[in-house]
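This document starts with one chain, in the form predicted alone, laid out as structure tokens.
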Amino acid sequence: MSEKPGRERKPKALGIILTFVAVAIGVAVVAILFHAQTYTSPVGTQVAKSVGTVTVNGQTLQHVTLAFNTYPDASGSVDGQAIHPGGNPSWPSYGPTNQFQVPAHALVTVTMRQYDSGGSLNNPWFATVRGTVGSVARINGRLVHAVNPNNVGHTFTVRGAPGTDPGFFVNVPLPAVPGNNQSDNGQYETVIFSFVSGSQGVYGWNCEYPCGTSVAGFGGPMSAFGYMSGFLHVV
């Protein structure tokens, strides 16, 4: 007597279910391990310094400032504290922190020192200054709307999260430092720019220059939170 159709399907169906469960468990384990490696800055969140008020496009806004740097590696220290304790010392990084706090709807003026070398962007669109006041940045005292897309060290690119301020966007390309002997005490490019912050919420920022490894240069420090990425907390 032949078996009824469907009797052989149950083991196959069970096998498929167990496979999906195993994959789900694997994904969960990877997620937990990745979360366990979340970078915590030794200096915490940098709160913007209030410097009074300023008029922008006819509106009086609170004026605050931030200052941070880009480094050719994560082996240095800021105020005696390691930039990335326990991290990969050969990876480029922002420092002394990747967390910044600014008030909502304020003029934020950022001063950066860019110590790193660089090269060509995967997408030259990010070589243009976008979202700043006047769509400009001041690089070594000179106002610019863009930099050479083949001579970029890093970018500071901020995006609004859906549901918070999806139209918010800032992109500032940072020119590469010439030569191959960059150090915290060596040559750097000074980049200053201002933007008006958005609504309250958490905004993600990252670097769009492929300074990592793997596919298209976006592995390694580019995919490990805290080196070339972080958050802008708008309160």
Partner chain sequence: MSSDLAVKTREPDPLPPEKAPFFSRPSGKIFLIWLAMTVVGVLIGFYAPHHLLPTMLSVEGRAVWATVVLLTVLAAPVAAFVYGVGFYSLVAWRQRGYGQSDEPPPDGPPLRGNSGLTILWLVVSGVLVVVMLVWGLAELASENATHPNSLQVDVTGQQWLWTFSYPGAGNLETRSLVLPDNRTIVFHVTSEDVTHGFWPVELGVQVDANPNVVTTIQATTNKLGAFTVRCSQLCGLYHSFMYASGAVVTPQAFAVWLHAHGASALTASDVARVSSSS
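Here the structure is a predicted model, which is why all the values come from computation and not from measurement. Residue numbers count along the first chain shown, from 1.
Another form, the form predicted in complex with its partner chain, is not on view; read the next lines as being about it.
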Have a look at 146, 143, 161, 104 for me and say which one sits with a heavy atom within 4.5 Å of its partner chain in the model of the complex.
161
Consider the chain as shown here, without its partner, and state which of 97, 117, 157, 109 has a heavy atom within 4.5 Å of its partner chain in the model of the complex.
157
Here the chain appears without its partner; judged in the model of the complex, the stretch of 82-90, 117-125, 68-76, 132-140 with heavy atoms within 4.5 Å of its partner chain is 117-125
May I ask you to check whether residue 194 falls inside a 4.5 Å heavy atom distance of its partner chain in the model of the complex?
no
Can you work out whether residue 166 and its partner chain are in contact in the model of the complex, taking contact to mean some heavy atom pair no more than 4.5 Å apart?
yes
I'd like to check something about residue 202: if you look in the model of the complex, is any of its heavy atoms closer than or equal to 4.5 Å to a heavy atom of its partner chain?
yes
Just checking whether residue 189 would be counted as a contact of its partner chain in the model of the complex - the rule being heavy atoms within 4.5 angstroms.
no
With the partner left out here, which residues of 205-235 have a non-hydrogen atom within 4.5 Å of its partner chain in the model of the complex?
205, 206, 208, 215, 216, 218, 222, 223, 224, 225, 229, 230, 231
